[in-house]
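Okay, so here's just one chain, in structure tokens, the form predicted on its own.
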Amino acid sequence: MPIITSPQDFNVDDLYIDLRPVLDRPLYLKCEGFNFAGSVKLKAAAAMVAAAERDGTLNPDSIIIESSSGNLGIALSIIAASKGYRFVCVTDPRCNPASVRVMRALGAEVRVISHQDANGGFLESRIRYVRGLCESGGGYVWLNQYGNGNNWMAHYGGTAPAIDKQFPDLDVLFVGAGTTGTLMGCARYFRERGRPVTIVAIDAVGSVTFGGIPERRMVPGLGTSTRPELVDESFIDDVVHVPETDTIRTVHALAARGFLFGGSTGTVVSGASRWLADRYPAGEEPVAVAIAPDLGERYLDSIYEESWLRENFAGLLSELSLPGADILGV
């Protein structure tokens, strides 16, 4: 029986779902959402805070500040509350309302930047705002998840070895690309050990991380409007870009089988399924693992909500099963 004193001390690291009954393809999904933050970002947040404490960057009077579309902001809110730090999350209008409510419930201050950058996203504008606050001399400490090596090191020392232990004959690993911390940590681990594992990055259509053309993106999580400092394509074997319509189809297909996942997970599973279908004929059985960054509860107001879908992806409604509420007078 685990007994913990800090929320970041708990994380389920050995839960996998066999998606063959859902996808009709050999794919194991590593679930990273079973912790108090609800996502893989708890690992990076804990590693970055611990490193900043060790080198003296963080002190009791510091105010942690970070740009986040939701998941890392929640993870840092939890750790800041546990350790007694003030935390300011700088986000944008695409952040799920539920994520904002969670952060505020944990005592974080959430600031929403609505000015779009030159690529039509908000990341550059968010970072510019963060830099401005740090330069103001108000005691702000920016952990910078986009360029902080402790982000990828958390997965080099944790996520990748856990997968390696469970799947010693791994052929293909699919990892979503946001800050690319999870991606680069896993890719470096397998490359440096000489393991013949194909590393496939999954990105969103409209993201510029791997040189794509910037387009409107409505699902927070994967993809960027500014290339992250951490990304190093020499460690990556292939990249799949997933349209958000496919992300939404996939999360609804998973939910129809009882698995409620977030948008980032839908993107990863969709891209992995397409890549496997293109590379492996029927009957071939690669050992393939995909990393599920998050769960779906925080997306109930967006990708699972009919009014949001009607506003942003009306053409999909006829494909999705969205039962309405029954109001009973009893």
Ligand SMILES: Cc1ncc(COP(=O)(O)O)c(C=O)c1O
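Because the structure is predicted, anything quoted here is derived from the model rather than measured. The first residue of the sequence shown is number 1, and the count goes up from there.
We do not show the form predicted in complex with the ligand, though everything after this point is about it.
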{"item": "The ligand contact at Ala177 in the model of the complex, heavy atom, 4.5 Å", "value": "yes"}
{"item": "In the model of the complex, Thr182 touching the ligand (heavy atom, 4.5 Å)", "value": "yes"}
{"item": "4.5 Å heavy atom contact, Pro293 and the ligand in the model of the complex", "value": "yes"}
{"item": "Asn71, heavy atom within 4.5 angstroms of the ligand in the model of the complex", "value": "yes"}
{"item": "Candidate site Lys41, Leu222 and Tyr299: all three near the ligand in the model of the complex by heavy atom within 4.5 Å", "value": "yes"}
{"item": "Option from 99-107, 128-136, 169-177, 243-251 whose residues, in the model of the complex, bring a heavy atom within 4.5 Å of the ligand", "value": "169-177"}
{"item": "Residues of 234-268 having any heavy atom within 4.5 Å of the ligand in the model of the complex, listed in sequence order", "value": "Ser264"}
